[in-house]
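We begin with a single chain expressed as structure tokens, specifically the form predicted on its own.
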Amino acid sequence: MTETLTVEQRRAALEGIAAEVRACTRCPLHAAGRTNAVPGAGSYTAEVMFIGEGPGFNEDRQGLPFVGQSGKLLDELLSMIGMRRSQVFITNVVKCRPPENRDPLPDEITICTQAYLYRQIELIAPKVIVTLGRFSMGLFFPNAKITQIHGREKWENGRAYLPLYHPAAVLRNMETLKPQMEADFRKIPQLVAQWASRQSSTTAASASAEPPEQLTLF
């Protein structure tokens, strides 16, 4: 589907989803003190998509993802691998701030992902999805533990999924987790390159599997 859309059509579709998010009343979070819903931000043709947990205090005030201390750390990590926010797309599992920054509830996650997140993924079609924290990890790595699988990618649906710690967790334990986060983050450009290599290999394999053209004698 996405391959047939122009960049303008993709932009329009994603902005339509963002408008839906801002007006959403599908779950109780909209009435639990929401100032602004946070649809996500970044490039509509991003090769890399980051998915966090949910908006915090600063995100709720500004309507943008990762604008507090966690956002500063994320910007630092992006800079470390030669990337900028404008090149990636950043969003969350749930688009409204849970009260007192509590964990999102299962029903809230189901409603928000089915209504919005999975549609965003389909339209952006990233080469790499980076999960930040256990709730986004759980969407793609069911029953896994972040301490055991962080930095260990899997390939599925034609893309790489890379589970990482949430920046907020790193900020609470910088001495131990920041070196691990930096090492895991350095895998991102490698996975983008691997995606291109895999595509080339798939194309070559498909070409070699085609039957030879039969020559005619007449």
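Don't overthink the numbering: it's just position in the shown sequence, from 1. Quick caveat: nothing in here was measured; it's all calculated off a predicted structure.
Keep in mind that the form predicted in complex with uracil is not shown, yet the notes after this line are about it.
Using a 4.5 angstroms threshold between heavy atoms, residue 54 counts as touching uracil in the model of the complex. Mapping the unseen interface onto this chain, residue 92 counts among the residues with a heavy atom inside 4.5 Å of uracil in the model of the complex. At the 4.5 Å threshold, heavy atoms of residue 66 reach uracil in the model of the complex. In the model of the complex, uracil sits within 4.5 Å of a heavy atom of residue 166.
Stretch-level contact analysis of 54 to 62, 172 to 180, 153 to 161, 187 to 195 against uracil in the model of the complex, using heavy atoms and a 4.5 Å limit, identifies 54 to 62.
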